[in-house]
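Next up: just one chain, as structure tokens, the form predicted on its own.
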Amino acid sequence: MIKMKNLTLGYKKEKILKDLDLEIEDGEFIGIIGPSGAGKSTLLMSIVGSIKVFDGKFKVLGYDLEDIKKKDLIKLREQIGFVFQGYCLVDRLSVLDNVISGMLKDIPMPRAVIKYYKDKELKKAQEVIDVVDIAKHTTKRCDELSGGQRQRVAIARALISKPKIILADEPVSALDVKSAQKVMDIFRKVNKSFGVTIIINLHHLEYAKEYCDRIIGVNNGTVVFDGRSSELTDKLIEKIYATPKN
């Protein structure tokens, strides 16, 4: 599904991540951990072709990202859902409208503007709203919801297009413990019940250890750990979160 070989990534002339050798298989639930500035978000955003490839080989869902054409990049991104820390919802719109916005590429603009949805579109929306357990709030504006509820709306929006991969960038870092656990439970449900590959940046190590099948530890632009949570020793954790030496 995703393959990186001797890969170096960055912005303009700055190399952020170096010598990456990673393979991610269909259906995995992967947590990316490490200190702030280690390159976690860069790694995540590279999967949708948003980061410059300096060297190496990089393939996602069959597409070579070293020199991908614009039309192929659009096709790739249609197969990937994204959940952000800040939700990225339209607060004045309802839960239903925000969820359906995840499939606007399939709805003609005139119908989308007047919010005229067909029965099959409403059915798909209701299905994913049920998955994230937000059905009783369907008609509410998103600015009436709690942070945890809004993040569940964001997951439903990502899920409605039936992606092969969902990327999540620090989706629970701003939530209280109860809300964060609910959101992580839903990610696990989406992964196990629907077979969607989940790749998630996490600030909290404990959530990564509890929910993720595999953990990738990043520090100072390199992968310093790649394995199961049960393999994480105190010494390895110290290595992942160590302050880089000048």
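Predicted model, so just to flag it, every value in this text is computed and none were measured. Numbers for residues come from their place in the sequence shown, where the first is 1.
We do not show the form predicted in complex with a small molecule, though everything after this point is about it.
Heavy atoms within 4.5 Å of the small molecule in the predicted complex are found in one stretch of 33 to 41, 176 to 184, 190 to 198, 57 to 65, which is 33 to 41. The small molecule is not drawn, but in the predicted complex it has no heavy atom within 4.5 Å of D234. Heavy atoms of V224 never reach within 4.5 Å of the small molecule in the predicted complex, leaving it off the interface. At a distance threshold of 4.5 angstroms between non-hydrogen atoms, L22 is out of contact with the small molecule in the predicted complex.
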